[in-house]
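The chain below stands alone and is given in C-alpha cells; this is the form predicted alone.
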Amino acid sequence: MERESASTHATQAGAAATAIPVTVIPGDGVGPEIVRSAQRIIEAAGVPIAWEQAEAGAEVFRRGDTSGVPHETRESIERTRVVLKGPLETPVGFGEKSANVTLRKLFETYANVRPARELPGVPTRYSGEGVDMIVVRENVEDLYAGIEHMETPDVAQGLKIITRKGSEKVIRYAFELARREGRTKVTCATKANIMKLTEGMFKRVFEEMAPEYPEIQAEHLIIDNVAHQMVKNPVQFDVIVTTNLNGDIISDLASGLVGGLGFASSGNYGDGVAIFEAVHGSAPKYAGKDVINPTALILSSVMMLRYLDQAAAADAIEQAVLVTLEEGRAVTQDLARQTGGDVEHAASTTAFTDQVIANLGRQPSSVPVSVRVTDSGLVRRPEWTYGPERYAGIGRELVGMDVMVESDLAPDALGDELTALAGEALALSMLESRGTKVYPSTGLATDHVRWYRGRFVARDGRALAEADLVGLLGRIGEHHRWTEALRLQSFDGEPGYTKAQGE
C-alpha cells in the first residue's frame, strides 16, 4: 500500500525541516495528559510536527452530535491523513455508538495492529521467555458493524458481517507485515467450527492466500485454543490475524502477557489514513492527577513516526523508553505495584516523560538495539480476487425463505399453523428457537422465548418467484407478527445458509 505522502514527509539532512501535519485528538479522561506526554517527547526528539488539534468523544456527544466525531475533525483527518489520538469514552450498554469505532469506519482503517513484546523492567509471569507477537485485527466488520435490532420486546439480534473483500485486505496486510519484518509464522484465529459461513469465510480466504507467501508458515487455530495457548506458551506466536471481536479480546490478553494495557500500543491502518492510539481506556478516575502511565501512547507515537518515515526519531524514542523502564528511576504507580515498589512515591506522568526525554540518545543494555517493529504503511495494495467478472459468473438459485415470527404459541401449534399458511409453492421444513429445531418435534424440550424462525423451502424442487415470497409474508402477516425475513439462496450449488441444531 503505497502512501501518497510517505516520501514527501522525509526530511533530508541539512535541508530545512518541513513540518508534518498531524491531527491530534486529546480525548477524554487521562487522554490529554498522555497525548501531551507523547507530543513533548516527539518535540524533544526534533521531529517537526504541525499539530492540528481536533476533538471527538464525550464532549461531542454532550453537545448533541450523535456520531461523536464532528465535521471539523473529519475535515482535519482528510487533510493530514494521520492521527494521534487519546482514549475516548464510550457509553456501555446504552447511548450512542463508539466514537473510536466511528473513526475507524469513516476512514476504512481496516487493519488494527497491536504489538505485544517483552519489555525490560516490566516483570511478568513470562519474563525472560522473549514474548514478541503482533495481533492484526480486522477493524471495520464483524459484530462491530453495530447492526442490531430488537426483534421483540425481549429478543435482541446483532448481525455478524464478514466479507470476502474485508477478509482479503486484512489477511494480506498480516502476511505483508510478517514478510517485511522477517517474521516466520502467521496464525489465523477464528471460530469457524461454530460459525461456518462467517468465521468460516475468514478461514477459507486465509487458506487461499497463504500459498502466495511460501516462506511464511501459515496455520489456523480455533480462537479459544489461541487464548489457551497464549497463556500456556505465548512465544509460539509471531503474527496473529483474526476477526474484529476475536482480535479485540485476544489483543488485550496479549498486552496482559507483557505488563498490561499501560504498555499496549496500536495503530489503525487503511489505504492512505492511519490512526494511532493507546489500547487502554480513558480511566476517568485518574484524570487530571498526573499519575497515569503514558508508555502505551508514547509507543503508539513511535509507530506513527515510522509510518511518517521518521525512523531515526522513532528508534531514538523507543530506545529512550526502554532505557527508562530498564533503569526504573521513574516508575509510575501501575509499574510500582507490579514491582513491589513505593506506590505512594511513584513517578508522575510528567516525571516519567521528563526521564524519557533525558534518556534520548541512550540505548538499553538488556534489549537488542535493532528490534523488529511495525513500521507499517508500505504494504501492497490489496488485490480483490472477486472482481466483477468472477462475481457475475457465480451461479445462484432462490430456494426458500426464513421467516422470524413472534408468537406465544407452543412450537407444535405454531408449526401446524405455519404449515397451513405455506401455500402451493412453499413448505415449512422446520421451526427453530434460538438455533435449535423444535418442529417437527425432536422429543426434546427447549425454553420458550416467544420468537421462532420458520424455514420455508420450495416444494418438489419448484423454481421460486418473488411473488411466492411476498405472498407467503402476506399470509403469515394476517395471522401472526413476523419480524424479519431472509432469502435462502444457493451459490454454485452450495447452500448459502446453515442448518439449525437437530435439523
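Throughout, we count residues from 1 along the sequence that is shown. Worth saying up front: this structure is predicted, and the values here are computed from it rather than measured.
Just so you know, the form predicted in complex with a small molecule exists too; it's not on screen, but the next bit is about it.
#### Entry: Distance check, Arg104 to the small molecule in the model of the complex, heavy atom within 4.5 Å
Flag for Arg104 set to yes.
### Query
Would Asp334 count as a contact of the small molecule in the model of the complex, using a 4.5 angstroms cut-off between non-hydrogen atoms?
Looking in the model of the complex, residue contacts with the small molecule include Asp334, since a heavy atom lies within 4.5 Å.
### Message
Taking the small molecule as it sits in the model of the complex, is Lys285 near enough to touch it, meaning that at least one heavy atom pair lies within 4.5 angstroms?
### Response
Contact with the small molecule, yes.
### Message
How about Gly281 - does it come within 4.5 Å of the small molecule in the model of the complex, if we only consider non-hydrogen atoms?
### Response
Contact with the small molecule, yes.
### Task
Look at the candidate spot formed by Val82, Asp271 and Asp309 and say whether the small molecule comes within 4.5 Å of a heavy atom in all three of them in the model of the complex.
Verified in the model of the complex; spot residues all out of contact, no.
### Task
Taking 4.5 Å between heavy atoms as the contact cutoff, choose which of Leu88, Ala111, Cys188, Met304 touches the small molecule in the model of the complex.
Of the candidates Leu88, Ala111, Cys188, Met304, Leu88 is the one lying within 4.5 Å of the small molecule in the model of the complex.
#### Entry: Among the candidates Val170, Val135, Ile292, Ile317, the residue which, in the model of the complex, approaches the small molecule to within 4.5 Å (heavy atoms)
Result of the distance check: Ile292.
### Message
So if I measure heavy atom distances to the small molecule in the model of the complex, which of the stretches 260-268, 211-219, 400-408, 178-186 falls within 4.5 Å?
### Response
Of the options given, it is 260-268.
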